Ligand SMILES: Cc1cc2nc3c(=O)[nH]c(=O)nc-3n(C[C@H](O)[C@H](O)[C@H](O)COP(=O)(O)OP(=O)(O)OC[C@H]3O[C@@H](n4cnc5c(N)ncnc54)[C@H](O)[C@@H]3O)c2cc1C
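Taking the form predicted on its own, here's one chain by itself in structure tokens.
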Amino acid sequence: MLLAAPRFALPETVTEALAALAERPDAVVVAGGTEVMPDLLWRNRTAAGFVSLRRVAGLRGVSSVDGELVVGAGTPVAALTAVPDAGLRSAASSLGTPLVRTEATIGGNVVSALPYRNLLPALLASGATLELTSAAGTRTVPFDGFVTAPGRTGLAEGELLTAVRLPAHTGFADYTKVGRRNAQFVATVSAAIVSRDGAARLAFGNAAPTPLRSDDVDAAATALLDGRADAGDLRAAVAAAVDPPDDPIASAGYRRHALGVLAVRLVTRAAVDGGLGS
């Protein structure tokens, strides 16, 4: 009699992890566990088994390859607090507590796909791409559009997120958020900026069902950066672009106002701290 595949797999390579996932298509992939374990504790999800990535050393580490910052999907958030990308560094530094940052991974933050996750606006503003690996090979997709709905992504069956790639950090980048408190509380709203060659690119968290950016907002931010527009113009562009949730934490109206304030604040920092703009 053949034994069924054990419910729990502890692979040590990406190849072993993909094989384990193929044997257990209904299993939950878990890395740091800071997303999965609370969900199980609060009975927000069930699990038919687990594929743990904790021992897959090939998924951890930060390197520079062909001018890009390449972050393994299993890299702890704590390691991101020292990366060259200032926006990602700032977003990582304000995520949870030191203990949470030690266990949580960049891959978990991305695949959880919840609009208030700290790292998502920083990745969206930077123009990050994702490496998705399956038995058929590795494909690279833009992070912009990867999150399709709260908790849902473009990850195909049998695929693992194996790395996050960010363009080389030049110019100015930053991240900021509003919340009841910094530690152990998700962002009520958040925003990130990357400013290069006189152009600003903003991205927002908890501003819509998925991480959000807008060409109209970027045009208004760039105009503010070089003195062709004022703060009111940027706040109006943000208010028109966002569709924030209304829940017991904050009203949609408050979030819309706060997102405009954060946008102006980041563009002002880009102009002053980054030495950009007119």
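Numbers for residues come from their place in the sequence shown, where the first is 1. Small disclaimer: the values here were computed from a predicted structure and weren't measured.
Separately, the form predicted together with this ligand exists; it is not shown, and the next lines address it.
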property: 4.5 Å heavy atom contact, residue 195 and this ligand in the predicted complex; result: no
property: Residue 218, heavy atom within 4.5 angstroms of this ligand in the predicted complex; result: no
property: 4.5 Å heavy atom contact, residue 104 to this ligand in the predicted complex; result: yes
property: Contact label in the predicted complex: residue 238 to this ligand, heavy atom within 4.5 Å; result: no
property: Contact residue in the predicted complex, from 225, 30, 242, 56 (heavy atom within 4.5 Å of this ligand); result: 30
property: Contact assignment for this ligand in the predicted complex, among 189, 73, 88, 125, heavy atom within 4.5 Å; result: 73
property: 77, 111 and 155 all contacting this ligand in the predicted complex, non-hydrogen atom within 4.5 Å; result: yes
property: Candidate stretches 197-205, 136-144, 164-172, 117-125, one within 4.5 Å of this ligand in the predicted complex by heavy atom; result: 117-125
property: Partner contacts in the predicted complex for 63-102 (non-hydrogen atom within 4.5 angstroms of this ligand); result: 73, 77, 94, 95, 96, 100
